[in-house]
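Below you will find one chain, with nothing else, as structure tokens; this is the form predicted alone, and questions on how it binds or moves follow later.
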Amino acid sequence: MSHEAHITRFAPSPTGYLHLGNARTAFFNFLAARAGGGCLVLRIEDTDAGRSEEHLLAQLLEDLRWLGLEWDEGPDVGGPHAPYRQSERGEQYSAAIATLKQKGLVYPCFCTPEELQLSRRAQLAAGRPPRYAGTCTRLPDAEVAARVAAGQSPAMRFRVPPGRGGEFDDRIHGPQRFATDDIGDFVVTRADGSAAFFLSNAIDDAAMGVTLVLRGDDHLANTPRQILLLEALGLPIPRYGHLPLLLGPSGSPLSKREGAAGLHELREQGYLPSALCNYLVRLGHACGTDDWLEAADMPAHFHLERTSRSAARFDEAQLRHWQREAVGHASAGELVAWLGSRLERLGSAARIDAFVAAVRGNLLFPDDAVPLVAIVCDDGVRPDAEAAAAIENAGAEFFRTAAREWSSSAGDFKAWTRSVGTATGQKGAALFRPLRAALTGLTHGPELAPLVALMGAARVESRLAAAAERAGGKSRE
């Protein structure tokens, strides 16, 4: 399949953290742009001044970059279509409204939210789809002037042309048809004068040269309105693709109650960005391989035609699978940075590197390293129930023998375990299980030899002595 050079955009509102569905939309826009050598525009839809917050915008940008997304144009990198915050694009919206007024395609609407709600209820009760009833469509100029003079502030509505049909080819759902008689006149500016979503979103897509609008299918019903607006203004109409919703395991909308979290929270839990990307590229999209993909290879495996038309479901087990793969594919330096201050007790860089090499196969999240650091750094260990049983079953003499052989092995793990096996007559699990239990307090975990090297001779001696005392004490009880 060939890739087109799309100009895509991601247009979030800084009113909260990005949830996983929005993160997938951002990632798919990034992949669609990169796959064909196009570009990605980041636009911030912050016209809702009451809910938009600067710290949320800063967090949004940071989280997107953590995921590995880079945009070619945006509020922090600039570009030929600046500004990229809708709160700074009022002049463009005013110019569009002036054009629509000149063409007689907008009119003032004084209907209150309460009146509109009553109208919707009445239409639903009558079995009709709710749409604007046209209350203010033909208000005389004198009445409009009188209401404005009395202090009323009208919204502006777009006059939808009657009796027309239209269609567009959705890149995911295929051909879509609509009738203008099913679309009520809609608000393009609010009563406070700010541009409404239908207007600002469509104007900015055209002004910024966007050729593919890839967004959630909750916007599918908005597309005919925006096409009508762009046609009325003589502006280019992009192609549209609407991604199906992301659902929780039960089939209901994704929520924290079902274990799903926002991008920022997943990051705080310790998920690696490469794990999220390998999961997202397969979430409602058949990327053609089940193998691990490096970030640079993902665009070549992304094809809009392979995007599912049905809703995708969040699967935490799959996300954890890719997290384990990510840990396995990460470099030692990446893992050291990921584990951060949890490694401080280990001291030197060489000891940290040796520890990471020894335990990486046993890590899923950063906090998994904490008890393993304790195993090699604490003076002693407290065996869990299984380890205590293994120590008692081995008996005190087993550990006295292990301690004697340790003293003569000069720290050579293979030579030590071989001599302990010869002296005790034990091999396999009967040999290594009690040794692991005594030295780590567990009966399973990372390979024992590198842990023993990290513990040092003094800790090994003291833990073998403690195990002999435990086994001897239990045998006397």
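Quick caveat: nothing in here was measured; it's all calculated off a predicted structure. Residues carry their position along the shown sequence, with the first being 1.
Missing here is the form predicted together with a small molecule; even so, the following discussion is about that form.
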property	result
Segment assignment from 159 to 167, 244 to 252, 136 to 144, 196 to 204: heavy atom within 4.5 Å of the small molecule in the predicted complex	196 to 204
Contact of Ser462 with the small molecule in the predicted complex (heavy atom, 4.5 Å)	no
The small molecule contact in the predicted complex: Pro12, any heavy atom under 4.5 Å	yes
4.5 Å heavy atom contact, Asp48 to the small molecule in the predicted complex	no
Partner contact for His285 in the predicted complex: the small molecule, 4.5 angstroms, heavy atom	no
In the predicted complex, the residue from His219, Arg267, His81, Arg342 that sits within 4.5 Å of the small molecule by heavy atoms	His219
In the predicted complex, the one of Arg89, Arg225, Arg171, Arg215 near the small molecule [non-hydrogen atom within 4.5 angstroms]	Arg215
